[in-house]
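Encoded as structure tokens, the following chain is the form predicted alone, with no partner shown.
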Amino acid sequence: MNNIYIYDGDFISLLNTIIYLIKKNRKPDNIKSFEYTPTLLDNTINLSIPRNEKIIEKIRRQFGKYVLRILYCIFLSEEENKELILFYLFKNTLKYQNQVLYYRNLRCVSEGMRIANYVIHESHKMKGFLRFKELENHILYAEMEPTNNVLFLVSSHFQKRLKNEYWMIKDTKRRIISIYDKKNFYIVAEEELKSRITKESKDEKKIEELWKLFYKTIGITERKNDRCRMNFMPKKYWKFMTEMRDEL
């Protein structure tokens, strides 16, 4: 039987679970979110652990911002065994402190860095590929469908980039929405949104046509390279890009 430890699904709950298992010297076969559907060979264990909200700040002080960022980016990934990787990475972090990421010979470190870099790389892509449109109520609205759960990272960027605007970013894959009120942003489930997303503003169509015209105008026909463009701008992101929608 596989001992599968269940946590609440958020980053803080996962960290609390990992710390508890390390303190109790337990070696899990895996750690899964409460949404996990167990198999016949799984022995699921639900731990009643007090939620420690201060764990984030404690890790930041003890191991540094960069280590915390890597841990969080691994959590945001869609990697199947990310929780188990985080368990062993955190266990080695307690041993090697803020130098842990230099031990690339450890599988948990090399795999963790690979996953974290993929998440960070995709979040950078979304910052450039995201296309906002103005709604009737003058709120800027954008949709995206990333492979990983990068909505928080993308929202943190636009909190600084568009700090004087009201905006909303929707992750259509996970059905969650980030809402910014010119001070902070809040990520909520789509069904929790009380007000409906209104129609586009009257000028939005004109702005979209101007943007498409600009995109076509700056392109050099003789130097067109579709394969190169696909490398920098993968087709899976075209769905919500104004200038690429027609080609898709």
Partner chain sequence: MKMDLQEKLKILADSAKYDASCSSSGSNRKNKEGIGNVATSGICHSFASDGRCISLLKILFTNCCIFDCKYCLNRKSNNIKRAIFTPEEVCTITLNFYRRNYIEGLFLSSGIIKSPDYTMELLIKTITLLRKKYHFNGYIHAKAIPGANQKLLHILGFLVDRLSANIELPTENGLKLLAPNKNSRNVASIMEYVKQNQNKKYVPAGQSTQVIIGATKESDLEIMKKSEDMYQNYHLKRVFYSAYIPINKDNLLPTLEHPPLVRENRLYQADWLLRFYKFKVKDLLDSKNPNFNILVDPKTDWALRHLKEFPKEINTCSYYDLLKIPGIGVKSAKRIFASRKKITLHFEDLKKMGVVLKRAKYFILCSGKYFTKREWFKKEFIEKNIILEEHLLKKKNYEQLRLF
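Positions refer to the first chain, counted from 1. These numbers come from a predicted model, not from an experiment.
A second form of this protein, the form predicted in complex with the partner chain, is not displayed here; the remarks below concern that form.
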From Tyr118, Tyr88, Phe75, Phe132: within 4.5 Å of the partner chain in the predicted bound form by heavy atoms is Phe132
Lys127, Asn164 and Tyr215 all contacting the partner chain in the predicted bound form, non-hydrogen atom within 4.5 Å: yes
Testing 137-145, 80-88, 67-75, 171-179 against the partner chain in the predicted bound form with a 4.5 Å heavy atom criterion leaves exactly one stretch, namely 137-145
Quiz item: Taking heavy atoms only, is Tyr186 within 4.5 angstroms of the partner chain in the predicted bound form?
Solution: no
| said: Even though the partner isn't displayed, in the predicted bound form is Phe152 close enough to the partner chain, meaning a heavy atom within 4.5 Å? | reply: no
(Q) So in the predicted bound form, is the partner chain close enough to Ile22 to count as touching (4.5 Å, heavy atoms)? (A) no
Review point. Does Glu204 reach the partner chain in the predicted bound form if we count a contact as any heavy atom within 4.5 Å?
Key: yes
Restricting to 1-35, the residues within 4.5 Å of the partner chain in the predicted bound form through any heavy atom are none
